[in-house]
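In the block that follows, a single chain appears as structure tokens, in the form predicted on its own.
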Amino acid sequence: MGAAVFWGCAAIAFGPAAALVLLTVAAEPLRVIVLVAGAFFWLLSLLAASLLWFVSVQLSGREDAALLLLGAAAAVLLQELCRFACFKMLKKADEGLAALSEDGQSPISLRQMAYVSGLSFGIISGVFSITNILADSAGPGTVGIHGDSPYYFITSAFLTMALVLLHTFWGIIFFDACEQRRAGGLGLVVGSHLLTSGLTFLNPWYEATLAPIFILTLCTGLWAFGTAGGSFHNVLKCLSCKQEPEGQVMLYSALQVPPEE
């Protein structure tokens, strides 16, 4: 039973992310490099948040709910700060690749970098948030035997899946807002990240946590879809599996070799 819960929760938490990596990232070396770079920047934010938490606890001498809330907010702000640093680095890399190419264009667009870096932020964040939970789910023990909720593991898995997708969407929106210099977009990304983090404090009241976070995930996904240039027409064309005929131009030379008799 423990193995079934472990693999089931792991598949729920990282199934969509694994599919995105295999289908859209793994075959492109530059995207793999961006994936690793994004994970590195998220780890920097984790290191900074850990040091800040350690210093705060040592100075205050307490670990209450108020300090935990402040620590979570600081961790979110540090993640977004590292996302901005990742944007600046990838922007420089994009300019360098464009300068080295023969046609003056980078082999990977900034929107693709935004998507891959956001996906890497989500994957590494999900790994650190659910690793210990998955280790406990493998057993021994039974969840809820002392009156606690039996849905702890499955709820954590769905929350992790939503967090991975949210980071992917936030990356697309954040990079576009930085590129277009839109302070409102940056504020909405940071605000929705803070809201998501704050909603997790309502656990184990899972109904008040899962529903708002998944609604936020859907709305953010639609926003990211529009930001990336998507449209309803493109969705219908993709679902219909029809390809529009491409115009072809045939050039004939005025000088033709006479046929052999």
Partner chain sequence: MSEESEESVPLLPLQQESMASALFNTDQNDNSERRRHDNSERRRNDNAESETNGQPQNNVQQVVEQDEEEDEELTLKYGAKHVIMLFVPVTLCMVVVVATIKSVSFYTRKDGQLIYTPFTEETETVGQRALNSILNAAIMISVIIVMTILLVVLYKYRCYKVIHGWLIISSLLLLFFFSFIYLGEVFKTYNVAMDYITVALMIWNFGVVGMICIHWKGPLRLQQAYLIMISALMALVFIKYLPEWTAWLILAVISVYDLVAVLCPKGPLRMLVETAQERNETLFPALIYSSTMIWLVNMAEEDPEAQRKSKNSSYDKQGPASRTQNEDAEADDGGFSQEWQRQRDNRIGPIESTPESRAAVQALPSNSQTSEDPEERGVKLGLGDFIFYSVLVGKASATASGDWNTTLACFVAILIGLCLTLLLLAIFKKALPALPISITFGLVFYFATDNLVQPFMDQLAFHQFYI
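What you are looking at is a predicted structure, and each value in this text was computed from that prediction instead of being measured. Positions refer to the first chain, counted from 1.
Keep in mind that the form predicted together with the partner chain is not shown, yet the notes after this line are about it.
Student: Give a yes or no for Thr227: in the predicted bound form, does one of its heavy atoms lie within 4.5 Å of a heavy atom belonging to the partner chain?
Tutor: No.
Student: Would Phe54 show up as a contact with the partner chain in the predicted bound form if we use heavy atoms at 4.5 Å?
Tutor: Heavy-atom contact with the partner chain at 4.5 Å: present for Phe54.
Student: Quick check on Asn203: any heavy atom within 4.5 Å of the partner chain in the predicted bound form?
Tutor: Yes, Asn203 lies within 4.5 Å of the partner chain in the predicted bound form.
Student: Hey, in the predicted bound form, is Phe84 touching the partner chain, heavy atoms inside 4.5 Å?
Tutor: Because no heavy atom of Phe84 falls inside 4.5 Å of the partner chain in the predicted bound form, the answer is no.
Student: Since the partner is left out here, which residues of 117-131 would have a heavy atom within 4.5 Å of the partner chain in the predicted bound form?
Tutor: The stretch touches the partner through Ile124, Ser125, Val127, Phe128, Ser129, Thr131.
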